[in-house]
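Next up is one chain by itself, shown in structure tokens, the form predicted alone.
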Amino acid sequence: MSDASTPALLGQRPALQTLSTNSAPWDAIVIGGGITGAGILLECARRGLKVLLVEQKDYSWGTSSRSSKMVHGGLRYIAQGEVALTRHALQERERLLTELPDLVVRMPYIFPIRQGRFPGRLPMTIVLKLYDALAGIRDHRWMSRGELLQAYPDLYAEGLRGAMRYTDALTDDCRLVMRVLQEAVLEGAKARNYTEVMGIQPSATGSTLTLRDTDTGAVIELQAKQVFNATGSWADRLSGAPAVVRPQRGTHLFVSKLRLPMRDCLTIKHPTDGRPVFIFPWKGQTCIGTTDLDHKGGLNQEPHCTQAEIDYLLTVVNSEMPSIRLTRQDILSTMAGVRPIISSGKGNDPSKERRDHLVWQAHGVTSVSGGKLTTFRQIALDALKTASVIGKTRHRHALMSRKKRCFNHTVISPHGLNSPVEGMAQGAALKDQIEWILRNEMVEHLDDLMLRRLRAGVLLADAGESLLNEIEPLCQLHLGWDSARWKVECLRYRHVIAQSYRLG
């Protein structure tokens, strides 16, 4: 637990007027509180810039709390010829495994090999040798048919030859965003959620931004020398340039680990389209995902999955493990997110679009979108170089150096808070976690706490209803909520759960 001597972290949300710097502009304002924006905030702060991040909803509300939780190089990107992208991602994976061992955890991945199905053992062996070499490790091996069936007896045995075993990593993507934000604040940065940028106008000192508090409606204008638009799927709205982002939806299903037990990340090729689908343990339950579809819905509304996506994911489980007979009734929760993919303009199948990022400038705004959770630091460095905050030499040195740390500070948090594999804490341990979050992580609404900071809405069969009586007095104490505010927050939370996280 933290105490009075612990440095102030994000804390409570500052009043909008306190962001005003009078005649002195901000050196930089970062728009977007996902992993990309958090990474840019950190890299600006550690270079001594007076920098502010604003987010129109909650931190990691979008893609960065709804990803597949994987810190990985992207094995399929090698097959697509994107070796440089894979190498950069693997280098960052190894960095994060070293620097955040409580949050980024190495995980075995199992890829079953079947007779007559591509890829076979030899192609996978070649690819994995290259994969490990790019990461600077040797961590793959062949699993015999007997060993594989002993570990996973429900696998369909006909045609099964064995499996390739290698390792990547898992994390809690939201907690990773919060950790990067906390690091930036400890370096001197400021941040505020539920603050929408209504407009950006060029000014004598750079740009004038009009900000609105989305809860109160209050408005303020701020000056900034640099503006970074790191809003992911929303990037085209503020970039001042032609649209480049292709929003794509990915859906995950969560089921009880008792119903579908997993020790490793099982990688299965879908029987209808050959896409890889992952089945893996996550924070005490089992996750299945993901889909890859063009998202046609509004970006400001909570995305939700369709019946077709549910059927798609159930099909892959039941085709590989027919004795499991997974049904809709087994689903604890669903989680849909929208990825900001940079469009090729060629009308490609969504799964065949490239996953690298793009940085571009227009009208004094440096925009960045696309990319991977794993490479957030490199994406941030590219954005700073494009904005001339750092030069080519410093950019190259920061990018290539293995000695430079991403996380310099220690953030004292309750045991288990950052673990991506433990189940929900109980009793006093849970109370400690909630109190620490309420004091240090700028919780503004109940869904911030339940869906992103704690993940109770996704992981628990009752979406965390059984915890609310314990949470209410803590929110009253630390957030100053009265009983009327608590009722409003519960109604809001239950609406979000019913709309986007539970089957109708």
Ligand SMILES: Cc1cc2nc3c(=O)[nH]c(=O)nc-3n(C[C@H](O)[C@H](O)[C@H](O)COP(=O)(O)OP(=O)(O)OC[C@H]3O[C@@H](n4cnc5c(N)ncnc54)[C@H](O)[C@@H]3O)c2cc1C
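In this text, all values refer to a predicted model and were calculated from it rather than measured experimentally. The first residue of the shown sequence is 1; numbering continues from there.
Beyond what is shown, the protein has a form predicted in complex with the named molecule; the following relates to that form.
Participant: Based on heavy atom distances of 4.5 Å or less, which listed stretch (116-124, 149-157, 228-236, 261-269) is in contact with the named molecule in the predicted bound form?
Facilitator: Result of the contact check: 228-236.
Participant: Just checking whether E55 would be counted as a contact of the named molecule in the predicted bound form - the rule being heavy atoms within 4.5 angstroms.
Facilitator: Heavy-atom contact with the named molecule at 4.5 Å: present for E55.
Participant: Can T195 be called a contact residue for the named molecule in the predicted bound form at 4.5 Å between heavy atoms?
Facilitator: The answer is yes: T195 has a heavy atom within 4.5 Å of the named molecule.
Participant: Should L460 be classed as touching the named molecule in the predicted bound form when contacts are defined as heavy atoms within 4.5 Å?
Facilitator: Contact with the named molecule, no.
Participant: Going by a heavy atom distance of 4.5 Å, is V338 a contact of the named molecule in the predicted bound form?
Facilitator: Yes - in the predicted bound form, heavy atoms of V338 and the named molecule come within 4.5 Å of each other.
Participant: Ok, I31, L42, A28, M442: which has a heavy atom sitting within 4.5 Å of the named molecule in the predicted bound form?
Facilitator: Checking each option against the named molecule in the predicted bound form, the one that comes within 4.5 Å is I31.
Participant: Do any residues of 297-333 have a non-hydrogen atom within 4.5 angstroms of the named molecule in the predicted bound form? If so, which ones, in sequence order?
Facilitator: Heavy-atom contacts within 4.5 Å come from no residue here.
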